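Single chain ahead, written as structure tokens, the form predicted alone.
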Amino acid sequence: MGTFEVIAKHGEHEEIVFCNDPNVGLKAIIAIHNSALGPALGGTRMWNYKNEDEALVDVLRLSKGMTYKASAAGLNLGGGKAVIIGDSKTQKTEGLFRAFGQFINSLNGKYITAEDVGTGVKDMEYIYMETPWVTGIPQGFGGSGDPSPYTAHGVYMGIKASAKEKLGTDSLKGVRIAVQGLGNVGSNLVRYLSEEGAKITVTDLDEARVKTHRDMYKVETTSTDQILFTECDILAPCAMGAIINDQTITKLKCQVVCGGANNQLAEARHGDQLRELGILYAPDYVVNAGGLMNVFVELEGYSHERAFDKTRKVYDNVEKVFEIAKRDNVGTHTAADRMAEERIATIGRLKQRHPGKSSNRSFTTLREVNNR
């Protein structure tokens, strides 16, 4: 399949930029999916893709997901994403990220980046040396730093809303929760769940992380092969996507799927199948929007308290999805899409008729603070 066929297959994207600088080993792709609600914001992922085609498919899929995530979260942002092809453990350099920052800067604010898998605060600092269009920068520069605690807090709120819907109470004390993945989001989520008294089972590819969490939080552990099939009330996927698929779905032993991983459904039809199986699915891009909410606050002029207050709204957003699903008699994944698409259509039309200051206001405060 040719490049343009791949692009057409994954939705109507507004702009796709291929970034190449052999002097620093940079090969990257920036995808802007939709900017009806505002500038496209989405993290930069650094991953050792098998080839350029795999990277292209990933960035197209992820950028579309960001459009829906921003809309469902009620933010005045569009959807975008970037991927850097390379090993994040061995190939990171200041030159690579600064060169990438120059490509971002050439888009004049149409795309704003942030951390993602394989990138962190230091990388964003290098990008910030070349462009103002980056969030998740160090607190010393007026930024918010690592957004993972806020993503995790939003997931925690989503889990509580899901528990209320399926189990009749949003108290998690004694609730059995299986957490797949102990990266920055999964680790912070375990902390929140432990503080409320949940019964937690965890796994991760990194055995040292598993041991640390077992010692610190007294959680149970299982293998990476078995975590999805652990008997529990709530399964919280916090690793890579497409884990709900033809091979796994009939083996699930949970009542709820609600976690921080992106694109948990291998295909949309698996959302319908979960519904048929009586398993409540909390759509991932609604649940894991806390990090995006946090960096949006950063763009307004950062406040730790306002960021956490905003992530609490994930609870309400998840409840709204469940209400739409019952109203329209559809799966929750379809309900979430409808909620996002309705807002994009409505607000997008309003902005076309009467462009308001909301599309620009959010992107001045932080820059003014930094330039004083």
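Heads up, when I say rigid core I mean the largest set of C-alphas that superpose within 1.5 Å between the two forms. A residue's number is simply how far along the shown sequence it sits, counting from 1. Treat the numbers as computed from the prediction; the structure is a model and nothing was measured.
Same protein, other form: the form predicted together with nicotinamide-adenine-dinucleotide, not shown, and the subject of what follows.
Novice: Any chance all of 113, 121 and 136 sit within 4.5 Å of nicotinamide-adenine-dinucleotide in the model of the complex, going by non-hydrogen atoms?
Specialist: No: none of 113, 121 and 136 comes within 4.5 Å of nicotinamide-adenine-dinucleotide in the model of the complex.
Novice: Using heavy atoms only and a 4.5 Å cut-off, determine which of 104, 238, 175, 75 is in contact with nicotinamide-adenine-dinucleotide in the model of the complex.
Specialist: Contact check passes for 238.
Novice: Which residue among 261, 232, 286, 163 has a heavy atom within 4.5 angstroms of nicotinamide-adenine-dinucleotide in the model of the complex?
Specialist: If I apply the 4.5 Å criterion carefully, the residue I get is 261.
Novice: In the model of the complex, which of 295-303, 201-209, 79-87, 124-132 comes within 4.5 Å of nicotinamide-adenine-dinucleotide (heavy atoms)?
Specialist: Among the listed stretches, the partner-contacting one is 201-209.
Novice: Can you work out whether residue 108 and nicotinamide-adenine-dinucleotide are in contact in the model of the complex, taking contact to mean some heavy atom pair no more than 4.5 Å apart?
Specialist: Because no heavy atom of residue 108 falls inside 4.5 Å of nicotinamide-adenine-dinucleotide in the model of the complex, the answer is no.
Novice: Is it the case that residue 33, even though its partner is missing from this view, gets within 4.5 Å of nicotinamide-adenine-dinucleotide in the model of the complex, heavy atoms only?
Specialist: Judged by the heavy-atom cut-off of 4.5 Å, residue 33 is well away from nicotinamide-adenine-dinucleotide in the model of the complex.
Novice: Residue 190 versus nicotinamide-adenine-dinucleotide, in the model of the complex: is there a non-hydrogen atom within 4.5 Å?
Specialist: Contact check for residue 190: no, nothing within 4.5 Å of nicotinamide-adenine-dinucleotide in the model of the complex.
Novice: So, residue 148 and nicotinamide-adenine-dinucleotide: in the model of the complex, are they within 4.5 Å at any heavy atom pair?
Specialist: Judged by the heavy-atom cut-off of 4.5 Å, residue 148 is in contact with nicotinamide-adenine-dinucleotide in the model of the complex.
Novice: Can you tell me which residues in 153-186 come within 4.5 angstroms of nicotinamide-adenine-dinucleotide in the model of the complex, by heavy atoms?
Specialist: Sequence-ordered list: 180, 181, 182, 183, 184, 185, 186.
Novice: Can a Cα shift of no less than 2 Å be assigned to residue 62 between the shown form and the other one, given superposition on the rigid core?
Specialist: Yes.
Novice: For residue 45, is the CA shift between the shown form and the other one at least 2 Å following rigid-core superposition?
Specialist: Yes: residue 45 shifts by at least 2 Å between the shown form and the other one.
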